[in-house]
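Take a look at this single chain in structure tokens; it is the form predicted alone.
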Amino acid sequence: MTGPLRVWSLPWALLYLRHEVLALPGRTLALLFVLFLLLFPLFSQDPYWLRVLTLTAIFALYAASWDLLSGYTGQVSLGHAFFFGLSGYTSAILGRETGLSPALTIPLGALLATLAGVLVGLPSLRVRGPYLSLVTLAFPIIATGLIFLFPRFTGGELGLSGLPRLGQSRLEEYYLVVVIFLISLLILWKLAGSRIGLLFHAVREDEAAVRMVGVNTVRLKLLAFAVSALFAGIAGGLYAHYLRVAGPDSLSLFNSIQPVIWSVFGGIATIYGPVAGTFLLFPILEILRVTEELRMLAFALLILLVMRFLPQGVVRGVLDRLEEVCPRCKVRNAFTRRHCRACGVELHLPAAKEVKP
């Protein structure tokens, strides 16, 4: 099936689904997750759960954008809310001043967040580690100060409310957010698995060695900041218009820490790990509202338990139990297979008998 017409034919798709997707538990779970998001409204259109899933998808995109920057390149950002809030405020102000629809103001807000990402990335050329984290933390604090300094323009503590909605109904907004989330996630995943993603990894591990082989690490780090800020900006614009308010809470320290928690919980430097972490933690935090007094305590205990038994994150911990890497060709296989699906080598070799002296 090498011809251009046969590659995308139905038999090819079925064979690909059987041998490349369903052959691995991780990919099967990913397929079920996508189907769940797309088909959920067919079984329930409860406004509360549509709202929870919509916000979860927005925050999952936000967490994945943080992972591309901090997980892959090691440029730990503690002020990621700057891009998130800046895009929301930009979209809100543009909509108010020009009357443009969210379909135009959200991309423009994300574009400004991208430029801000390059600006925030400039200090990374001189400072590293905790010093860079503190520098990134300063930007949302400065932005919050400017918001309080010009309350007539930014709305001050109350923010800008009454923003245009993303769609005509909650169901339309749900599908719009989910589609944007899935497309953005696919782009981030492909980028992370590309040559650029490998260079991001290399910068994190040994930046000096990468420079010695002739790679411009300055461009790489600025690119990581820009792309990460772009998708954080998209999430921020969607968040502002979904809640119909752009407030200083979007720039808060808590909003900067949240993607760190979700990413570490799910599995850092994986893109899909932060998504899993967000889709596990955010709904659980909502469910725990039934015990408001013990809500944060239970939430903290859950995180501590997972970090104790799955220190590499939920996704990696689970996948390491469901899949194994072939020692010969390094292709991943389901744990039930006895032979590698690529090279056929035996995966479960019998233990060598102990030789008595």
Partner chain sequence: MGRIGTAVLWAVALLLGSGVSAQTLRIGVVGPMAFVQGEHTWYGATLAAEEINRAGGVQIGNQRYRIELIRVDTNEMTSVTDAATAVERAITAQRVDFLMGGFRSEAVLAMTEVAADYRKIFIITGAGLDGLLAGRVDRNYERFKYLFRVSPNKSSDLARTSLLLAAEVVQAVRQQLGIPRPRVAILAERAAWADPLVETAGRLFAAPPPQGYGAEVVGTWRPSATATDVTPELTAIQRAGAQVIFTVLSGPVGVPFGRDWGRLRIPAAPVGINVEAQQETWLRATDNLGTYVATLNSLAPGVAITPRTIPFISNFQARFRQFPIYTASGAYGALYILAEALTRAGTTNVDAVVRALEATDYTGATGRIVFDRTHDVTWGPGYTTGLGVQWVGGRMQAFWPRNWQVEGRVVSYAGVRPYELPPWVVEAWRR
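Numbering follows the first chain given and starts at 1. Model, not experiment: these values are computed from the prediction.
The next section is about a form of this same protein that is not shown, the form predicted in complex with the partner chain.
With a 4.5 Å heavy atom cut-off, would you call Gly273 a contact of the partner chain in the predicted complex?
-> It does not: once the partner chain is placed as it appears in the predicted complex, Gly273 has no heavy atom within 4.5 Å of it.
Is there any non-hydrogen atom of Pro102 lying within 4.5 Å of the partner chain in the predicted complex?
-> Taking the distances in the predicted complex, the answer for Pro102 is no, it never comes within 4.5 Å of the partner chain.
In the predicted complex, Tyr48 touching the partner chain (heavy atom, 4.5 Å) | Looking in the predicted complex, residue contacts with the partner chain include Tyr48, since a heavy atom lies within 4.5 Å.
Tell me, yes or no, whether Phe282 is in contact with the partner chain in the predicted complex, where a contact means a heavy atom of each within 4.5 Å.
-> Contact check for Phe282: yes, within 4.5 Å of the partner chain in the predicted complex.
Looking at the partner chain in the predicted complex, do all three of Tyr239, Arg244 and Asp249 come within 4.5 Å of it through at least one heavy atom?
-> Answer is yes for this spot.
Of the residues Arg165, Arg219, Arg211, Arg128, which one places a heavy atom within 4.5 Å of the partner chain in the predicted complex?
-> Checking each option against the partner chain in the predicted complex, the one that comes within 4.5 Å is Arg165.
Go through 309-317, 61-69, 327-335, 291-299 and give me the stretch that gets within 4.5 Å of the partner chain in the predicted complex, heavy atoms only.
-> Stretch with heavy atoms near the partner: 291-299.
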